[in-house]
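Let's start with one chain on its own, the form predicted on its own, as structure tokens.
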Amino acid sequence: MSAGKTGTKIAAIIIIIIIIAAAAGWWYTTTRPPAKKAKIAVLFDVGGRGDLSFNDMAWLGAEKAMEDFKVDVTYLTPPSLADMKPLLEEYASSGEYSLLVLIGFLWTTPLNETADKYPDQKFALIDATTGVVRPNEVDILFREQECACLMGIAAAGMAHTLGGDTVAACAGMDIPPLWKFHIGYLFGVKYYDLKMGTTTNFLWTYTGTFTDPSIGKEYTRGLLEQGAKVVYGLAGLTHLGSFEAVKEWHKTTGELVFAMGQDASQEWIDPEHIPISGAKRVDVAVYTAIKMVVKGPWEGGIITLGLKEEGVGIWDIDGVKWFAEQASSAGRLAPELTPDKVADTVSQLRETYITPEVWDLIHDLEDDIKAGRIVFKTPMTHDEYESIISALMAAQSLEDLNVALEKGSVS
């Protein structure tokens, strides 16, 4: 037999052996160690967990990512503003983390001063931007105007149904995300007035803090004394004090007034006085950032989430009930309440105080935004922000509202 034929025969025999061995399950395999879990650090702003809003929503998104992607997540709250940069430097220099997720505008300066020093460390800044495009940094922003304008329509409608003519907001710090909330909220109130032929007084106050419910209560009491029928909470932990003030006002004066929540569904806190909450899906932003690292693709730059992406909006009754269920599971729901009772109470309040005409206005504007027929401006400076607010306050026609728009017009 020739060498060539012998080699071919041997090769054929080896192949047959491999096939049989594989089928029998005894072919040699190597045992590989399990893949190492990705480590993620979520750094809250100085308010930290417990605000039942912004930071808690960030935690919710990270917890879902931990379950879905089997990552390890570490949480940290800086004790003060002065601690933010040193903590970021410490975590970035450790080399332990696949991603550092920074929650809120207050991380902007520390990140700008840190990101370039650690080009191999990935960062995700949530609800803010450094203004610098880096390959190791993604900034995830929200188009807050798209949520706030719908809440403005609801607030104005409720105020007039309650027999009043004044709406207000208890806001946190004078920072860009709040500029957008201010513009959208005022836009929605004016839109309601110009569509319905009414006049609504508009009050806006900055408390200067996201972490002090007592300040929120004090400021909200002042807004109620000025005639506010509805107060929009836009101050994180601080506006939990707004909820207390609204409830006490009703109890002591007999005058029914409402608060509106934001970010998480907050109706469960006091469903008799909080008929509606705006959604700012910080959880979606955090989840998205972690997914980019674990599943890819990772791309540095800026991402914005709005109504179309379900990043903002108004919580529906299913959402209200879900958050009430979470509150109940955590022992935070009042003893006399159940998730079903929260949902039923809120449904009744909405049916009574948000008329079908108001919902029609909300849905019409929502449709225009989702379709891209209306695009809000994002003010780049404080002067531009103040200019837009001044023009909206003076608006006498629907066309005057276009000062807040980058594209399209209202009609």
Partner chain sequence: MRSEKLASWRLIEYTTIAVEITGSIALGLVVAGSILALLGYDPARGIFLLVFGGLRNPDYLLSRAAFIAMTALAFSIPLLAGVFNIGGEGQMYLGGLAALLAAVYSGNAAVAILAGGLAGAALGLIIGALKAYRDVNEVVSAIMLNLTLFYVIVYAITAELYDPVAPHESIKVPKGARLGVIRFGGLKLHIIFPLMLALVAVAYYLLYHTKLGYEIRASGFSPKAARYAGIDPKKTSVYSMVIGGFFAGVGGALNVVGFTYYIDNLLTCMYGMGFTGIGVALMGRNNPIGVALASIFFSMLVLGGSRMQMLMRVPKEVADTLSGVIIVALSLPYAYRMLISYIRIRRMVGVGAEQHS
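Residue numbers count along the first chain shown, from 1. In this text, all values refer to a predicted model and were calculated from it rather than measured experimentally. Rigid core (definition): largest C-alpha set, two forms, superposition within 1.5 Å.
Beyond the structure shown, there is the form predicted together with its partner chain, which is absent from this document and is the topic of what follows.
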### Message
With the distance limit set at 4.5 angstroms and only heavy atoms considered, check whether 46, 76 and 109 all reach its partner chain in the predicted complex.
### Response
yes
### Message
When the contact criterion is heavy atoms within 4.5 Å, does residue 69 count as touching its partner chain in the predicted complex?
### Response
no
### Message
Quick check on residue 83: any heavy atom within 4.5 Å of its partner chain in the predicted complex?
### Response
yes
### Query
Using heavy atoms and a 4.5 Å limit, would one call residue 322 a contact residue for its partner chain in the predicted complex?
no
### Residue contact check: residue 89 to its partner chain in the predicted complex, 4.5 Å heavy atom
yes
### Query
Since exactly one of 202, 105, 298, 206 fits, which has a heavy atom within 4.5 Å of its partner chain in the predicted complex?
105
## Note on the structure
The one option of 193, 212, 309, 244 with any heavy atom within 4.5 Å of its partner chain in the predicted complex is 212
### Query
Quick one: which of 281-289, 329-337, 173-181, 150-158 gets within 4.5 Å of its partner chain in the predicted complex, going by heavy atoms?
173-181
### Task
Can you tell me which bits of 244-279 touch its partner chain in the predicted complex, meaning any heavy atom within 4.5 Å?
none
### Query
If we fit on the core, is the Cα of residue 80 displaced 2 Å or more between the shown form and the other one?
yes
### Task
Align on the rigid core first; then say whether the Cα of residue 214 has moved by at least 2 Å between the shown form and the other one.
no
